[in-house]
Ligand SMILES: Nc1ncnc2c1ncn2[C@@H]1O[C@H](COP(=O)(O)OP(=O)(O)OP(=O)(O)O)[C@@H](O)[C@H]1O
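Next comes just one chain, in structure tokens: the form predicted on its own.
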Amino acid sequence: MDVLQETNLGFLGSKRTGKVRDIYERNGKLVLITTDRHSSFDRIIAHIPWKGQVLNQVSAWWFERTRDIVPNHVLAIPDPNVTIARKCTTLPIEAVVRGYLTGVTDTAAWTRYAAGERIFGGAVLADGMRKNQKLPHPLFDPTTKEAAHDRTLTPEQMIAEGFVSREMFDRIKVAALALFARGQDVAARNGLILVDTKYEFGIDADGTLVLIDEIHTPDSSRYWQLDSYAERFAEGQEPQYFDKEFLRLWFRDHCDPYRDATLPPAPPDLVQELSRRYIAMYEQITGMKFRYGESPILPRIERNLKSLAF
């Protein structure tokens, strides 16, 4: 099956390579090509068919439905895997918004709450809450964006360390909470709970706050099934969700993915199942049938980009 592992489109100029996206800059615009790379353990562990198209098109779908809240960087979607975007100065914070007390990582709300923390983004949570419980209201709980590692700081610390000004922090918070409210409302209509997410913002040449990167994708956001949440929470069960962890767990069980120079190839059946789940996520999030892009993917992208005058 055709997968998009990488691009090398010399006619676009020099390339920066992210975990998932290849990024070109041309005439003051960014060409963001979302590949099928799947990263975990700080490295690429597999290539998942159609994942890049799903991520790019889910973002495009949400960008269109939130542009009345805050401007975004999208100029055009000339290909299922490609976004042409305005170049902005990226702000060095991840605007995390949480609607539920959940998660297992060190920076997750539940991990921190279980360890005794009660202040999240300047808000104070009561004692006695349970894992996966709905928060009294969505919390703005940002982290820094740093080369070494991201940190969860209080608003005062973030401002004092010069990541953003007080005025910019407040602008980001208002925009992020409004985007999350829209996301939860739209998701609920399609039988989903938007549990938590993260946004990235930039500033354009006019000083306007702009939503950049991606929005409400399966990689940047956590979704649960709405119809089973209340019963499962009451019974102390984990919510029903689209599980993407099974491939990561396979690697953890079959090698040392942090230390081994070469990883074993991902099992084809697990790759295909993960591809199927990404497509299922696209269809439930958007309420639309997934339409497979024309193959082979790379010649299609090159043809679509060469046809643009930019």
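Numbering starts at 1 and runs along the sequence shown. Source: prediction; values computed, not measured.
What follows is about the form predicted in complex with the named molecule, which we do not show.
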* Asked: Heavy atoms within 4.5 Å of the named molecule in the predicted complex: does I212 have any?
  -> yes
* To do: Using a 4.5 Å heavy atom cut-off, state whether M288 contacts the named molecule in the predicted complex.
  => no
* Is there a heavy atom of R86 lying 4.5 Å or less from a heavy atom of the named molecule in the predicted complex? -> yes
* **Any non-hydrogen atom of H73 within 4.5 angstroms of the named molecule in the predicted complex** => yes
* Answer with one of T90, T208, Q133, S228: the residue that has a non-hydrogen atom within 4.5 Å of the named molecule in the predicted complex. => T90
* Structure fact -> The listed residue (K145, R232, R118, R182) that reaches within 4.5 Å of the named molecule in the predicted complex by any heavy atom is K145
* For this chain shown on its own, do V20, L30 and E200 all sit within 4.5 Å of the named molecule in the predicted complex, going by heavy atoms? -> yes
* Spot the stretch among 166-174, 153-161, 212-220, 95-103 with residues whose non-hydrogen atoms come within 4.5 Å of the named molecule in the predicted complex. => 212-220
